[in-house]
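In structure tokens, one chain follows: the form predicted on its own.
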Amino acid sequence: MVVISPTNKSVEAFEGLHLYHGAISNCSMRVRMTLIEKGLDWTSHHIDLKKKENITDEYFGINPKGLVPTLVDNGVVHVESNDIIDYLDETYPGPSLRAENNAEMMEWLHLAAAIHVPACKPYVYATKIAKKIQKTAQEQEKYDALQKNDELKSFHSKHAGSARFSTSDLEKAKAILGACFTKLEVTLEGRDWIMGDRFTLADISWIPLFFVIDGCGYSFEAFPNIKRWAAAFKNKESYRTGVLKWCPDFSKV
């Protein structure tokens, strides 16, 4: 669980569950799905990433990395999407989203988090959205002043101004994604869901990742079990409402 003390103290007065989230953010998608699966009421604070609505003093005062999602639960600020969904399932009643083998389930959440900056973000930015969310010189200056995380500053410098992601960056991302999807393909053999017969946080963590990578044109023809799994989750209300309602088609982002 990642809890922070915000410098923007206004959120500490919030009552109930409040979610700062982006429509096209796969990390936001998994939190929306969890809230829906748990049947929880929440207040939406949508941040339009294409309009750079996260690059403000106000939002960096809530999330010091300027990232979405951020969950505020009765004034307590939680960040990092996989920690948030684990927190929600542990804290609130309703359908449990845990597996009998909780350690293995948590490994899937940790893996999804671990590949986000090295693989998912470079692949999505290089193939789809870097040009569409390109910062003006003023926006870049503002971001650089607000952002204190070196890993994120390094990542965003690779598409600042006229810069583009290198072939080696994209190939590295593809290699990591290929290894992870191969692991997922093997795991899904003979299983309906990642952890077996039960839909869990492991699925919620990986469904949005699949959604955005697939929307960027990644081929899953070599992964029949993943395609079968994807066909199954498309029937879930949490997917329709937590993902498609906000981002009907990532390929058109």
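These numbers were taken from a predicted model, which means no experiment stands behind them. Each residue number is its position in the shown sequence, starting from 1.
As for the form predicted together with a small molecule, it is not shown, yet the points below apply to it.
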Note to self: Tell me which stretch of 219-227, 190-198, 38-46, 59-67 has a heavy atom within 4.5 angstroms of the small molecule in the predicted bound form.
What the structure shows: 59-67
Check: How about residue 34: is it within 4.5 Å of the small molecule in the predicted bound form, going by heavy atoms?
Finding: no
Check: Does residue 27 reach the small molecule in the predicted bound form if we count a contact as any heavy atom within 4.5 Å?
Finding: yes
Margin query: Against the small molecule in the predicted bound form, would residue 73 count as a contact residue? Criterion: heavy atoms within 4.5 Å.
Written below: no
Next item on the list: Using a 4.5 Å heavy atom cut-off, state whether residue 86 contacts the small molecule in the predicted bound form.
Entry: no
Next item on the list: Identify which of 92, 143, 165, 181 has a heavy atom within 4.5 Å of the small molecule in the predicted bound form; exactly one of them does.
Entry: 143
Check: Of 121, 172, 158, 98, which residue is found within 4.5 angstroms of the small molecule in the predicted bound form when only non-hydrogen atoms are counted?
Finding: 121
